[in-house]
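Two forms, one protein chain; structure tokens for each follow separately as structure 1 and structure 2.
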Structure 1
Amino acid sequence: MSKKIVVLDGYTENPGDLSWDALGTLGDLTVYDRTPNDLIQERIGDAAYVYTNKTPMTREIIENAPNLEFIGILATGYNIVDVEAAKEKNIPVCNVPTYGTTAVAQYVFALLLEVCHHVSHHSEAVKEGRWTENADFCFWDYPLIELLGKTIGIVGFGRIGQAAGAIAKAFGLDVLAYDEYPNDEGRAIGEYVELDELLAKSDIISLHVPLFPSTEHIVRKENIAKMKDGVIIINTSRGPLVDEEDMVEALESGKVYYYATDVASVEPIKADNPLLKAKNCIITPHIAWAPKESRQRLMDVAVDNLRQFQAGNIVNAVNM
């Protein structure tokens, strides 16, 4: 009899344009689009293999899942799983570390170029008749920014940070990087510096560190004060890396020229989030990772993680 596989929140990974068939070959598969917290334990039931994206797997849930052998993360971040509780029960927690590298690095520049040129705003202005009615052959009502010769500071220079750095070099940007683990691949792209130096010298700062206690609010009043006046900050990593109240204050004062973020401190974003009313702030709904090609890579690796586990190999485990 096949062991049970449960996907607790499969919709964001696969809203209907991908297939779960490959995963279904590895067991008796049930996929839920979403699972409210009060149904997590019930839906896991006697399943051996559980996949989650953002549905929390707490110590209590793990300890009360009698047949649980494997936890798969349909993402790179794994802070929604109590990895120590899983380790105590010898349950590997396996993530997908590399699927979104290209997509997220590309999205950094989607946000940055929007700040530089306000393409969508100017397109709407044309459709509203403002170009037709203009006395000159062109108009713009935001400062337009050329990237060549400016400095981008990349906080977190792993796979995504380095991919963003390579794109930055193609735009003619000088690349500074801060990371706890410098490597030769990174040195070929940018110059490693301490965080304070990066903050002081960068015209643009892009965040690519995971969310840990040590990185929460790495962008806060104290560190913003060390930055250049008029800095642009891009966040495609995690919302809590930024103290949002401090960011609003910096935007209002002009210390930060623009904050472009694909993430928020609480997701979906709360109606009272101060960023929603802040000037010079672009917010998108956590979509940097989500091109179909990227999600297919995620699916392929997530399935292979379980296939390898069933064959006696543990790959991409974050707690073993």
Structure 2
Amino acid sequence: MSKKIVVLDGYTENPGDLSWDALGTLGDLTVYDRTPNDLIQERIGDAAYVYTNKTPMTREIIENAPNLEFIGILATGYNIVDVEAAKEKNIPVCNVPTYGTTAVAQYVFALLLEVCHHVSHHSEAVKEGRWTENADFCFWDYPLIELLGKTIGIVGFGRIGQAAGAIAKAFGLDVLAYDEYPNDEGRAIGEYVELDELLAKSDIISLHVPLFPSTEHIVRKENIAKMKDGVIIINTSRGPLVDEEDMVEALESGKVYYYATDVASVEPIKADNPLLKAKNCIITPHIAWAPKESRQRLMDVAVDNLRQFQAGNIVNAVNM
């Protein structure tokens, strides 16, 4: 009899446009769209292989899963799993280290170009009849911004930061970068500078550092004061990189012209998040990673992680 595979929260990875069939060839598969905390243990039951994206696997859950051999993460981040508890039981926790670099870098420019042109707003205005009734052959409701010759400062020049930098160059932007560990690939794309210099010289700042205690609120009042007046800030990394209260103040005063973000301090965003009512703020629901191509890549690696495990090879383990 084949061993059981349980996917605890498969919906965001595959809302129906991909196939779980490849995973189904590796065992007796059950996929749940999402699993509330009080059902996690029951649903894992006597499964050998469990996949999670954001459903927590605590020490207690891991210790009480009698047949558990392998934990797969349907993402890169694995902070929802007690990896030490898994290690003590010799259970590898295997993630997908990269799958969305291109998608997230592309999304930086989806946000930035929206700030520059407000395409959806102008399309809506046309459909409301405003062009038909317009005295001139064109109209626009926001300043339209050309990128050529402006400076983008990329905070965190790793995989996504460098991919965004390469796209920025194609727009004719000058690229400044700040990273703890400069490398030659980065030097070929942009100029490494200290954070303060980047803040002072950039017309656009794009955040790509991971969230660590050292990077939490890297955008806060004190650092915003060092930026150019009217700076545009793009965040496709993590919400807590930005002090949202300070950001709202800076948007209201015009110090920051636009904050375009795919992430929030708490997700899903809370109804009382002050950004929801702030001036000049674009917020999308953490979708930069999620084009189908990117999710398929994630699926392929996640499935291969188990296939390799069954063949006696541990790949992409974060705890051993």
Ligand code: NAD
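Just so you know, these numbers come straight off a predicted model, no measurement behind them. Counting starts at 1 with the first residue of structure 1 and goes up one by one along its sequence. Just so we're on the same page, rigid core means the largest C-alpha set that superposes within 1.5 Å between forms.
Peer 1: Please match the form predicted in complex with nicotinamide-adenine-dinucleotide to structure 1 or structure 2.
Peer 2: Between the two, the form predicted in complex with nicotinamide-adenine-dinucleotide is shown as structure 2, not structure 1.
Peer 1: Evaluate the two-part rigid decomposition between structure 1 and structure 2 and tell whether W131 and I234 fall together.
Peer 2: For W131 and I234, the answer is yes, because the two are assigned to one rigid part.
Peer 1: Can you give me the hinge-style rotation of the smaller rigid part versus the larger one between structure 1 and structure 2, in degrees?
Peer 2: Interdomain rotation between structure 1 and structure 2, rounded to whole degrees: 10 degrees.
Peer 1: Any chance you could measure the C-alpha shift of E42 between structure 1 and structure 2 with the core superposed, in Å?
Peer 2: Residue shift at the C-alpha: 4.0 Å.
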